[in-house]
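First comes one chain, alone, set out as structure tokens in the form predicted alone.
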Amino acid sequence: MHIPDGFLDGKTMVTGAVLSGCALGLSVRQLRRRLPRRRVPLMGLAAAFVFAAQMLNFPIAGGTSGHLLGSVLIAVLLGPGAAVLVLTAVLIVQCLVFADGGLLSLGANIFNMGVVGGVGGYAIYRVVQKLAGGLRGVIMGAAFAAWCSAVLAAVLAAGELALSGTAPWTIVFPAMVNVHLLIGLGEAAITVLVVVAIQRTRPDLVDPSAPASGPLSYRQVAAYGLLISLGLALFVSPFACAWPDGLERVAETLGFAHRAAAAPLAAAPLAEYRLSWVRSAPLATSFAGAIGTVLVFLLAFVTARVLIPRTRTEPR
């Protein structure tokens, strides 16, 4: 759902940038107040996993693919502020390094996927989790919120395209929503699988009030998680579905795909997730994905480390 340059007009891009900037400022404030410093390595892990997982497009109906958004997953584990910061780090690297999403559209993409997906999805999760209660509430809330996050992001993208005059609302809205209703099912399934796996091994990562358990520190968890993310990028990403994603398919179907900018405003060294000097396409994708995974890990980790005060302790 990465909107490229050329799809949105000036007013829509500026509005998206302003809204995302305000939300990012509030998210940083929340992180500084609530995220314990010893959980900072998990910010890097979250960014690395989301980046690697987003490379793994899965097929849905009609020759279309989808991929994990990840905002609700991060919000459940680390809070909505962390979700906004993590998705921002991922989207910045995808835009500047891989030409995935437009530079001028970056604010709109952050708002759609990071802010609405993370903050809005987390609000839905909390309501369902409280109503259902216990582990069942966590699972039901995560599943429903993850599905909603994909649909809400699609609705916003459709609205931005309509406001920009790219496609009529009455046409682009049902087209975007219909395809993302299915993509949301994949989002929900992946989110639940990860949350359940983490809850069984480290319940303190799902419930911050639970005592830390397990033989591994958060730094060790982040290190092993980074290795798993690198494994996904290196060995699984070359086999991802090559079909166009939801937005690309809608753009082709409705006839506005040609409006995408022919070249990114800033030179992207690993455009299309490829290393130009590697002849083998699978290896080129693997190596590019590994580089991106490390980059987003470092960006999110260093940013969180700078932001979180050294005196921060675990809440009781």
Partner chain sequence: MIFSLDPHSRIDSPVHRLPAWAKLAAALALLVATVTTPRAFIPVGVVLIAVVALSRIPVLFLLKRLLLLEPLALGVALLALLQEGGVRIFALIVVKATLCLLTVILLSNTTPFADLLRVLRRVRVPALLVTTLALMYRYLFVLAEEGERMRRARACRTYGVGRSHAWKSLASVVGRLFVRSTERAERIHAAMCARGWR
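Residue numbers count along the first chain shown, from 1. Rigid core here is just the name for the largest C-alpha set that superposes within 1.5 Å across the two forms. Keep in mind the model is a prediction, meaning the values are calculated, not measured.
Quick note: we don't show the form predicted in complex with its partner chain, though the next part is all about it.
You can rule out all but one of 134 to 142, 147 to 155, 224 to 232, 188 to 196: in the model of the complex, only 188 to 196 has residues with a heavy atom within 4.5 Å of its partner chain. Under a 4.5 angstroms non-hydrogen atom cutoff, its partner chain in the model of the complex has residue 56 among its neighbouring residues. In the model of the complex, its partner chain sits within 4.5 Å of a heavy atom belonging to residue 85.
Although the partner is absent here, residue 60 is a contact residue: one of its heavy atoms lies within 4.5 angstroms of its partner chain in the model of the complex. Contact annotation for residue 202: at least one heavy atom lies within 4.5 Å of its partner chain in the model of the complex. Think of it this way: in the model of the complex, its partner chain has a heavy atom of just one of 172, 106, 119, 128 within 4.5 Å, and the residue is 172. Shown here without its partner chain, the chain has 41, 42, 43, 44, 45, 47, 48, 49, 51, 52, 53, 55, 56, 57, 58, 59, 60 in 41 to 60 lying with a heavy atom within 4.5 Å of that partner in the model of the complex.
Residue 70 shows a C-alpha shift below 2 Å between this form and the one not shown [criterion: core-superposed Cα displacement of 2 Å]. One change in the model of the complex concerns residue 58 and residue 195, whose Cα atoms lie at least 3 Å closer than in this form. Between this form and the other one, the CA-CA gap for residue 157 and residue 58 widens by 3 Å or more, being larger in the model of the complex.
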